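Only one chain is given next, in structure tokens, and it is the form predicted alone.
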Amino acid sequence: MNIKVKSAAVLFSLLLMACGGKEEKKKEGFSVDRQKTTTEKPVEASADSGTPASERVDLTNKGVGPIESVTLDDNIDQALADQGKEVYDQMCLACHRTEKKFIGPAPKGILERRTPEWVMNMILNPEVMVKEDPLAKDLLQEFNGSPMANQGLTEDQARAVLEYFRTL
């Protein structure tokens, strides 16, 4: 009986030793093994990623909105520009300073960077512009996601503001 118990103990010990043969090699330092997921989408690059949207020049884009064509006279209509200044001071000044970035971009020199149609469409149709116009999307991103509020201006008021921008 004693031999049977000793034999069973030896067999059990050999069985345990046979199961534990895997050796793990320790790596020096710290490492994390990751795999890229296949669902990641690449980040969309803007048309000109080196220049901020507020400084980018695009004189071909007319934007998205009701204004398809604007004809500007060579001479500034001062009465219309004065009306535009009044509208600008009442409705736009809270977010736009004429010569420097504030909550929104500065309008000074805007017609050297944008078409008149784009400016008027941005004034009249800001919600759709920031959704569909690539430049307006970039501006929204540049100004920390602060969307331009629709002030409910008429086309005549927007045209007057555009004329005021010509005087800046």
Partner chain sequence: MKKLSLPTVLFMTLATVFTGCKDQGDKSNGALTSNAAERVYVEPGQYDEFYAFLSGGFSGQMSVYGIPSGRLLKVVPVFSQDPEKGYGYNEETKPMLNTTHGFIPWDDTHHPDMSQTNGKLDGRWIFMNGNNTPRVARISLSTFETEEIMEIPNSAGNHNSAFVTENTEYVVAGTRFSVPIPQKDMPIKDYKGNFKASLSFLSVDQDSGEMDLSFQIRLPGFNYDLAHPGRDKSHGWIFITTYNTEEAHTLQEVNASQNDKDFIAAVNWKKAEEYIKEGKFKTEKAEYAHNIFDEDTHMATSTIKDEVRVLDASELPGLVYFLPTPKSPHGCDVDPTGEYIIGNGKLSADLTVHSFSKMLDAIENEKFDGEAYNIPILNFEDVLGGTVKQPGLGPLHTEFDGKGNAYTTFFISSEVVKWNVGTWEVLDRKPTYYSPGHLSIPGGNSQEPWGKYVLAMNKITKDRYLPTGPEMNHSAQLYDISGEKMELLSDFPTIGEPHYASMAPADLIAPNSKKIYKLSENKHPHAATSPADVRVERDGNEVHVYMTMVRSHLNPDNIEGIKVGDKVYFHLTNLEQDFDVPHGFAVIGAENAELLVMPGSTETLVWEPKKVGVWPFYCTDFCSALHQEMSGYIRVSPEGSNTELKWSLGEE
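Because the structure is predicted, anything quoted here is derived from the model rather than measured. Numbering follows the first chain given and starts at 1.
The following text describes the form predicted in complex with the partner chain, which does not appear among the structures shown.
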### Query
Of 61 to 69, 99 to 107, 114 to 122, 129 to 137, which is the one stretch near the partner chain in the predicted bound form, taking non-hydrogen atoms within 4.5 angstroms as near?
99 to 107
### Partner contact for Gln78 in the predicted bound form: the partner chain, 4.5 angstroms, heavy atom
no
### Message
Does any part of Asp89 reach within 4.5 Å of the partner chain in the predicted bound form? Heavy atoms only, please.
### Response
yes
### Query
Who in 146 to 168 is close to the partner chain in the predicted bound form, meaning a heavy atom within 4.5 Å?
Ser146, Pro147, Ala149, Asn150, Gln151, Gly152
